[in-house]
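Taking the form predicted on its own, here's one chain by itself in structure tokens.
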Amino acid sequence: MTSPDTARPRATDAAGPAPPQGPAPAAAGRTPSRPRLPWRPSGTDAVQTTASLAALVLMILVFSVLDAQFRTWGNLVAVVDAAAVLAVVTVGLTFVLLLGAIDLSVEGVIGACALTVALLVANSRTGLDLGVLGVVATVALGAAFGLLSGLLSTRLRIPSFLTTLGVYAIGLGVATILFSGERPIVGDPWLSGWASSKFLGFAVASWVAAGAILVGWLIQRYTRVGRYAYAIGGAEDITRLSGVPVARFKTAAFAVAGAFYGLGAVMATSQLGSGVVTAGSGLNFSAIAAAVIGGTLLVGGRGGVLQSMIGVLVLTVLQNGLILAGVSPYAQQAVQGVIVVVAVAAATWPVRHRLGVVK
């Protein structure tokens, strides 16, 4: 005989297994909101920023003791003016590094943009004299190069260092074609004045760089491109599951970076007085080094524009102090290389658990 408990089927058995419990539906007329993604720096970021500032202060004190000329007002102006182009390029590169990506196209993009602006403003080769429009077009060209890098990386799902290396080659080829064996000499007094004219003691280019830094910080702080860059670099899969169109914002971040490269090319052309294919020579390494030294990690999601600017000052002060100390330029590069290795090791040590397998 069977017991009543086994003979009588339960309601749940007859109806089949209960459906899985999903999230509660949103109320009528109300769309579910995306989770608030954090952008504020963590305690580790604060420690790294403090360490970078301490290194900068220590470096200033050491060079001030070694050479009295270092602590003069004229040398301070020289340091700020020398940092202008690197600062603008580093602002752009910071957005790419926040994604956890890398950008190796800087020198090619700057070369193409440098020749472009030199040929669009009053110059020795063409009859064009677009002035401000030429500068705007050059910045737009830089953004287009960045957009290309972002689209190739996100749509084709190719690592960013490969796609940006290809864009570097494209930019260098465009620059070589535009050069055509004859250097265009800039004849636009307004653009030339960026390097030669002074305002409150500093070159106009330095004030342009200050404005670019402010714009970069505002983009990072108040736009979704900046805030989602942190989230994507910190945890891309989680950000995608949160409903954020990751590919769109990664592409936008590359485009923003390219626009800053274009502006940096305009400033470099103003300083050189002509369009040069190699206008961006060495800037890719220096910008990455500055960002990392300042606390913008290569693993993504850490640092920011202001932190990277600390790294720019560290590199510029170091270079200036070594020159005043009579150190060979080749030795300067070696010293910078050592500093970058030490900075990367120190910066990634607190987050080494996030690196997984190191290749």
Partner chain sequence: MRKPTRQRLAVLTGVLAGGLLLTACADDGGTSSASGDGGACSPEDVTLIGQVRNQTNPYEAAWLSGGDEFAESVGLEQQHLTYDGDSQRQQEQIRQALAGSGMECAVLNVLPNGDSDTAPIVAAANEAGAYLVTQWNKPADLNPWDGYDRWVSHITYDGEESGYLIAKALFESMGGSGGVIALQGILDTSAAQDRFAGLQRALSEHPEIELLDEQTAGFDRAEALNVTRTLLTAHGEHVGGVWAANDDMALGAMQALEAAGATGVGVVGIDAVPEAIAAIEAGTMTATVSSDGPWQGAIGLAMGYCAATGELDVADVANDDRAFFAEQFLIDQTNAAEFAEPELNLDDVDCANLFTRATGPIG
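Here the structure is a predicted model, which means the values were calculated and not measured. Residue numbers count along the first chain shown, from 1.
Unshown form predicted together with its partner chain; subsequent notes refer to it.
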Among Ala144, Ala247, Ala122, Ala195, which has at least one heavy atom within 4.5 Å of its partner chain in the predicted bound form? Ala195
Heavy atom within 4.5 Å of its partner chain in the predicted bound form: which of Val132, Ala210, Leu128, Ala78 fits that? Just give me the one. Ala78
Contact label in the predicted bound form: Ser64 to its partner chain, heavy atom within 4.5 Å: no
Is Ile185 one of the residues lying within 4.5 Å of its partner chain in the predicted bound form, judged by heavy atom distances? yes
Quick one: does Val57 come within 4.5 Å of its partner chain in the predicted bound form, counting heavy atoms only? no
Going by a heavy atom distance of 4.5 Å, is Ile323 a contact of its partner chain in the predicted bound form? yes
Contacts with its partner chain in the predicted bound form, stretch 318 to 332 (heavy atom within 4.5 Å): Asn320, Ile323, Leu324, Val327, Pro329, Tyr330, Gln332
